[in-house]
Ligand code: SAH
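The chain below stands alone and is given as C-alpha cells, in the form predicted on its own.
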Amino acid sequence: MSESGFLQNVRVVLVGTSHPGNIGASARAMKNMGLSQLVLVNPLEFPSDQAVWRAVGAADLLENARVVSSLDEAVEDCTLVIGTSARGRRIPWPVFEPRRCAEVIASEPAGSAIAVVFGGEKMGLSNEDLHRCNYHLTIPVNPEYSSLNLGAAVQVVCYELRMKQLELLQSEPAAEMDGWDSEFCRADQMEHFYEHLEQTMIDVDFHDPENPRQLMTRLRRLFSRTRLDKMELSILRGILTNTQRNASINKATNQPAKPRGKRKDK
C-alpha cells in the first residue's frame, strides 16, 4: 500500500465557509495529514490572500481547490458521504466519532470516492445537507465549551484518517467490501432514486407532498444506512417503474385503488 493509500480518495468539502482564513487553515491541516482534495461550496470569499496566508505551505491545495454551487455537485460521484454535525437532530442518523469514521472510510473498496463534509462557521450543515449524507460525524468535545474552530475540526478528522492509514501500512488488512459483486451507488444516482421514489408514492396516493411529515427523511435515512449497490438500485428502480405503470393503467380503467394503511411517521 502506498503512503497516500485511501487518503487520496477522500475529499474535504467545506460548505458556505464565511471566513477565508478558515479555508486556508483547513488546507494546511489537510496537507499536514496527507489529504489533497479540497472542494468549496459557495464560499463567501475565495480566492483570498488571507486564505493563502493561513495555508502557509499548502497554497497548492487552494490553487487546485474545486469551487461549486451546491453540495449535490460536490459529492455527486461519491459512494460514501459523511457529514459533520455538532447538534442532535429530530430524526437521529447513524453517528460516528472521528476514529470510527476513519475505520469506516478505510474499509471502503479501493478507488471509492469519499467525501467528509463540514458546514459553515455559524450554523454548520443544514438538515437538508445532512440528509444527503450516509453517516454523521461528531467530535466529542467538552460539553462546557463546545465551540470548535472549523480548521481545528478539519485537523482532528484528518489526523484520525492519517493514523488509520499508518496503521494499515503496518498490517494491510483486506478492505471490508473487497470482492463485492457490484459497485456502490454514487450520490447523484441516489438523488435520482429518491426523486423516483417520491413521485411513485405520490402516483399511488401513498404520499401527500402538501403534508409530507417526515416520510422522505426517514426513507433517506433507511437507504443511507443500507448503502445500496448499483444492481440493487436497478432492481428498486424497476419495481418503481412497474408500480407507476400499473397505477396509470388502474386509473385509466377506473379500477378502484386498494385502501392504504395509516402511517404513523411524525
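This is a predicted model, so every value here is computed, not measured. When you see a residue number, it is the position in the sequence shown, counting from 1.
Beyond the structure shown, there is the form predicted in complex with the ligand, which is absent from this document and is the topic of what follows.
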I'd like to check something about residue 85: if you look in the predicted complex, is any of its heavy atoms closer than or equal to 4.5 Å to a heavy atom of the ligand? yes
Is there a heavy atom of residue 171 no more than 4.5 Å from a heavy atom of the ligand in the predicted complex? no
Distance check, residue 102 to the ligand in the predicted complex, heavy atom within 4.5 Å: no
Residue-level question: is residue 146 within 4.5 Å of the ligand in the predicted complex, judged on heavy atoms? yes
Would you point out which of 70 to 78, 186 to 194, 107 to 115, 148 to 156 contains residues with a non-hydrogen atom within 4.5 Å of the ligand in the predicted complex? 148 to 156
